[in-house]
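Below you will find one chain, with nothing else, as structure tokens; this is the form predicted on its own, and questions on how it binds or moves follow later.
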């Protein structure tokens, strides 16, 4: 069986800017930053108090909150909201039949962390035995089990946790399942939460900014953690054309690698990161000179940005300074396992609209910077091919290649 073409026909998002693609995209184009002092837990003991929390107004959907468990697990709740939007936009579901061959691939890193901390506090403090609902919500796989049951996604499914590359890998996994015929469509993406244990951990590593996230800036001092979810409905090109769906972009290729270098540090020369980018382009059949835009990992940490600069130079060489680039993390925060999905959503919107959002808070003067970093104002450009890349702890590197849909047969 020959490989099938895969397209995106539905998108959904939940971010600190609110519910929905429209709120997310407008805030990105304005160059807003969602960084605020954290309110959900007492952040005063930590070096930095900054985070990007989903606004309380989103929790007004009491029925869905109850459906997400007792107590409700936030990453499943965020993902349910994003998935509902993506399925509505694609004009499918919300409940599929057993014959629909729809799969599901989700990525997460911190899901269940708040519930795990609650169980630990009760245990260490001699409190009551945790409820069955709390134990269920603390399971890392809860988000996936909730989504597949909610939408009857009886195709192949999987939960991926490759640190900050998790939901980029989920998109790549869904792409592979559809392309190779394991299913005809898939819900892909992931949700993640801002939990105290994660905030505390990154503070101890001096990775959280005490001012603002400034990707690719000489004075960068880290990121702030965000939360939310990104969802994509992917299907075969044949399916999308046959039902007259609006095609938002084509997924061309997926590449992954491992730096095999260090548990938490990026590789010094960028070789492992560059390898994932090259593999995505090779599978896509796209030469590096055809890439117009890179949605960077862009964490604004001292070492990650330097590594990414070297990786981009290794892949694109002398053409790198002409490639448009930005980082969404300066706007919505580093959404951990959900970051890759939210960045892929933004990349598709940039391809569709011809607008590349600016990177807030940066002067773009990092040493050796070799990309045309968009800052200040959105940039209007004719971009046809783009990559969205994610790098995570444990050396995980992943990249998806995407192309604007021009109505070709």
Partner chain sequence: MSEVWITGVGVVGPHGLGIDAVLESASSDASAYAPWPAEQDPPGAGAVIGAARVIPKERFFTERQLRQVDRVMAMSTCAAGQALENAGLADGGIDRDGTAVFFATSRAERTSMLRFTQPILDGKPRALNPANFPWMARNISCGQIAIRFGLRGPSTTLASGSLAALEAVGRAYDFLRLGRARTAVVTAAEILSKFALYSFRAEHGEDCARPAPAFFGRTPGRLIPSEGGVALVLERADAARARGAAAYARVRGWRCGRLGGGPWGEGLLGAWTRLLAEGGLSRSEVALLSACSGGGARTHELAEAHALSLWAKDADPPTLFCAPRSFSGEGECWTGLLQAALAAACLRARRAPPTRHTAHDAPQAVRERAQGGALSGAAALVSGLESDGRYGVLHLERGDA
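Predicted, not measured: the structure shown is a model, and the values here were computed from it. Positions refer to the first chain, counted from 1.
The same protein has a further form, the form predicted in complex with its partner chain, not shown here; the description that follows concerns it.
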item: Position in contact with its partner chain when the complex is considered in the predicted complex, options 299, 209, 307, 161, heavy atoms within 4.5 Å; value: 161
item: Among the candidates 221, 283, 100, 292, the residue which, in the predicted complex, approaches its partner chain to within 4.5 Å (heavy atoms); value: 283
item: Interface segment, criterion being heavy atoms within 4.5 Å of its partner chain in the predicted complex, picked from 326-334, 70-78, 232-240, 148-156; value: 148-156
item: Residue 108: touches its partner chain in the predicted complex, heavy atom cutoff 4.5 angstroms; value: yes
item: Non-hydrogen atom contact residue 227 with its partner chain in the predicted complex at 4.5 angstroms; value: no
item: Distance check, residue 130 to its partner chain in the predicted complex, heavy atom within 4.5 Å; value: yes
item: Close approach of residue 173 to its partner chain in the predicted complex, 4.5 Å, heavy atom; value: yes
item: Neighbours of its partner chain in the predicted complex among 338-361 [non-hydrogen atom within 4.5 angstroms]; value: none
